[in-house]
Each structure stands twice: as structure tokens, then as C-alpha cells.
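What follows is a pair of forms of the same protein chain, given separately as C-alpha cells and numbered structure 1 and structure 2.
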Structure 1
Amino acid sequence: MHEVVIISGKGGAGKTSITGAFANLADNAILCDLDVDAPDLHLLLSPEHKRIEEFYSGNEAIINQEQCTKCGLCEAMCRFSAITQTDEGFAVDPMRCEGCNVCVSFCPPQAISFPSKHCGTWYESETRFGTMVHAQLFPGEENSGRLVTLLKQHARKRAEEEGHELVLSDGAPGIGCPVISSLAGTNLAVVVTEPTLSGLHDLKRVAKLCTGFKTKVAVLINKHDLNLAQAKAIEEYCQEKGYPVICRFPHDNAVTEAMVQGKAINETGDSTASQLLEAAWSNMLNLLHDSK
């Protein structure tokens, strides 16, 4: 079984539209949306939920006013400035609390409870392109890395049970915790980039992260014709580093139009775009099989 994740370092490079198109081309894959903070793939795939699970992670401190003696030790010890004195006594600001357990452990009268925290929901769904595993983290929650890991594990399990060859994931943006979790155990990362100054900058950072995880990098240049000089700079960088460029996709309003219709780019019948994506897909499959 192979695992491919589509990432971009930065949001907005067209990662989800590309994943949607690949999902259409894959006939033996489990699909997965690992962007648990701002998932968008479901907008293209209109999943029907088959299984809905609550995601609990970490704990949150709550001060019981009856037991609290107002000694102030918790406020003094909290490194995250999550505890402040209010008119009603000492209170924990849930937005700032990291669930570190320090106040709970040190509170002399043990007035602080520490229930586990409901952070989001995850789903297994049916789509017209096959099974999809996805989630939505509640706003402001951390631990998205843990949720990403959970989704990946579930997708892998499903793939094994159902005999699928590939787990195809829409990755998380950035280079922090969620992306790190999405790269673990991944064979190939398709980095979607744009021919802009920031595009190259972001590509370099995310590719370095992939290398650190021994994940193979392939590059897809989206909106290739927007700035040919920058596109060339990206190509040169890729050549120097040995990252294959699997597709040069033009700036095309059809991408937005397909999105508005809730469709994958290659479902709307634009033959040039479809051909380019098909070629990208087979380039990618070749890379995957070469790496075996």
C-alpha cells in the first residue's frame, strides 16, 4: 500500500482542487482530508457520513469555586497566563489553557478538576469517488496533529481491510504540527506551488521538511503561466534538488467554476485541463512504483 499526500506549504495554492481531481482519477484509493482545521475537500466530494465519531484529546482545567481558597498559586504557576482573578474568583480561560496539569497538581485544596476535552468530530463517508475519512476540529483547538494521526491510522486500516492500494490525502497547510503528522509514514508528497516569490520560498521550506521525513517530493506548478520567470526559478530549484515536476498547470478560471459547482476540475469536461491532470497522475504513479 502507498500513501500520497498533497501539500503546499501554504494554503490557497490549489491543493484541494488538485486532490479532488486526483481522487477522480484514482480507482482504488481511500481518500482522506488531513486539513482538519479548515477542511475543504468535502465541498468537492459531497460525502455522505457513514460513521460519526467525537474526537477527545487532552484535558482542560476547571476551578471549583467552593473548594478554592484563593491562595493564587495556580495563577502564579501557570506559564500560559490562562488563570486570572475575576469577580467570581480565580478562573481558567479555556482559550489559553494548554491542559498541562500544573495547576491541577499543585493546587493545595485540590480544587481543580481536569476533564478530557471534546475537540472535534471525525467521519467516515461515502463519496462518488470512494470512501473518504475526514474531520472537523473545533475552532481554536490544538492537537490537530493527533487528529491527523488518528485519521491516517483509520484510512490505513480501511485500505487494508478493503484491499485498496493507495491512501490519497489532502494535506494540512504550513510546516508545523499537522503537516509533520501528515508526513509520517508517507511515501510521496506532491507539493502544489505557484510561480510567485512566496511560492518558491514556501516550497523550499516544506520540501526541506519532507526530506527530513524521508518522504519523496514531487512538484506540481499551478498557474504556471502567471509568471514565467518565477516558474523557471521553481523549475531550476527542482532540478537542482532532484524533485520531479509532474505537472505545469495553467491559470484557468475553470478551476473556480468547477469549485462553485462542487465538482472536480476533470469532471467538468475541459479536455486540456483533464489531459494535464491525467498525465500528472500517471507521472505520480510511476514515481510511486519506482520508489518501491
Structure 2
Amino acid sequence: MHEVVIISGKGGAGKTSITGAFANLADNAILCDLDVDAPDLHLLLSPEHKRIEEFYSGNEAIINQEQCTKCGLCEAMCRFSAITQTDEGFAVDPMRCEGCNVCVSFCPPQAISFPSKHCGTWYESETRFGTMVHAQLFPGEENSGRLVTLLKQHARKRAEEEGHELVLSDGAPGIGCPVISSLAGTNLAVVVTEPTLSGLHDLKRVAKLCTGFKTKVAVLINKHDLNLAQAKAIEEYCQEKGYPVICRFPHDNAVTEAMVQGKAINETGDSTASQLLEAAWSNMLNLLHDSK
């Protein structure tokens, strides 16, 4: 079984559109959306939830007003200013609480509980392209790396149970914790970039991260015809580093039209864009087979 993740150095580079198109071309894959902070793949695939699970991570302090003696020690010791005195007594601001446990440990009457924190929801769903594992963190919640790891583990389990050969994932943008979790154990990362100075800069950063995980890198240049000089600079960098460029995708209004319709790019009819994506998919599979 192989694992491929589509990533980009920043948001808005087109990785979700590419993932949706690849999902349409894959005939034996489990789909996974690892961009748990801002998932978008469901907008293209319209998943029907078959399993819904709450995600808990970290802890949150809660003061029991009946046991609290209002000594104020918790407010004094909280370095995050998460505890304040109100008309009803001392209370914890959940947006400020970092779950450090100091107030819980030092509360004289032990009036502060420390339950696990409900941070979001994860799903197993059916789509027209097959099974999809995905999630959504609540706004402002952290621990997305842990949730990404959970999704990957579940996707692998489903792939093994159902005999799928590939886990195809839409990764998170950037080089932060969710991307790091996305890359662990992944065979190939397809990095979607754009022909700009920042696109090249972001490509270098995320490719370096992939190298650290010994994950093979392939590059797809999106909207390459908007700046041919910068596209050439990206190709020269890829040639220098040995990163295969699997597709030079042009700016195409068909991409926007497909998004508006809630479809993958290659679901809207035979077009140059569809042919390019089929070639990119074939190139990607060849890289996977070569990595055996």
C-alpha cells in the first residue's frame, strides 16, 4: 500500500482542486482530507457521513463554584490570565486556558476539575469516488497534528481492511505541525506551487521538510503560464534538486467553473485540463512504482 499527500507551501495554491481531480482518477484508493484546520475537499466530493466521532485532545480547567472558597490563588498563579473574578465567583476563560494544570494542582479545596477538551469532529464518509476520512476542528482549537495522525491511522486501517492500494490525502498548507504529521510514513508528496517568488520560496521550505522525512517529492506547477520566467526558475530548481515536475498546469477558467459546480476539474468534460491531469496522475503513479 502506498500513501500520497498533496501539499503546498501556502494556502490557495490549488492542492484541493488537484486532489479532487486525482480522486476522480483513482480506482482503488481511500481518500483523506488532512487539512483539519480548514478542510475544503468535502466541498468537491459532497461526502455522506457513515461514522461521526468526537475528537478530544488536551484538557480544560473548570471551577466548581460550590467547592471554591474564593481564595484567588488560581487567578494569581495563572500566567495566561485565563482566570478572572466575576459576580458569580472565579471563572476560567476557555479561549485563554492553555491546559497547563497549575490551577488544578495548587487549588487548596481542589475545586477545579480538568476534563478532556472536545476540539472537533472526525468522519468516515462515502463519496462518489469512494471512502473518505476527514475532520473539522472547532475554530481556534489546536492539536491539529494529533488529529491528522488519527485520520491517517484510520485511513490506513480502512485501506488494509478493504484491500485498497493507495491512501490519497489532501494535506495542509505550510510547514507546520499538520504538515509534519501528514508526511510521517508517506511515500510521495506532490507539492503544488505557483510561478511566483513566494511560490519558489515556499516550495524550497516544504521540499526541505519532505527531505527530512525521506518522503519523495514531485512538483506540479499550477498556472505556470502566468509567469513563464518564474516557472522556468522553479523548473531549474527542481532539476537541480532532482524533483520531477509531473505537470505544468495552465491558468484555466474551467477550474473555477468546476469549483462553482462542486465538481472535480476532470468531471466537467474532456478538455486540455483533464488530459494534463491524467498525464500528471500517470507520472505520479510511475514515481510510486519506481520507489518500490
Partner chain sequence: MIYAIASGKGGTGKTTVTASLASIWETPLTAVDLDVEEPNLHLFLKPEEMITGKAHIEVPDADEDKCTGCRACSELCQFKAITVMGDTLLTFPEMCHGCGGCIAICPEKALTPGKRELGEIVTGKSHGNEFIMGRLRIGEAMSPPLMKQILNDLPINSQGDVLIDAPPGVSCPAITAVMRADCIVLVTEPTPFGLHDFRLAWEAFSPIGKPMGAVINRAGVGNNDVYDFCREKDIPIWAEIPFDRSVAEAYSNGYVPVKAIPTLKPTFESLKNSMQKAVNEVSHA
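Here, a residue number simply tells you its place in the sequence of structure 1, counted from 1. Predicted model only: the values in this text are computed from it and were never measured. Rigid core here is just the name for the largest C-alpha set that superposes within 1.5 Å across the two forms.
Structure 2 derives from the form predicted on its own, whereas structure 1 comes from the other one. The residue from 116, 226, 71, 216 that marks the hinge of the rigid-body rotation between the two structures is 116, the others lying more than 12 positions from any hinge. C-alpha superpositions between the two structures give a turn of 15 degrees for the smaller rigid part relative to the larger. Its Cα shifted by 3.0 Å between the two structures, residue 92 is reported here after superposition on the rigid core.
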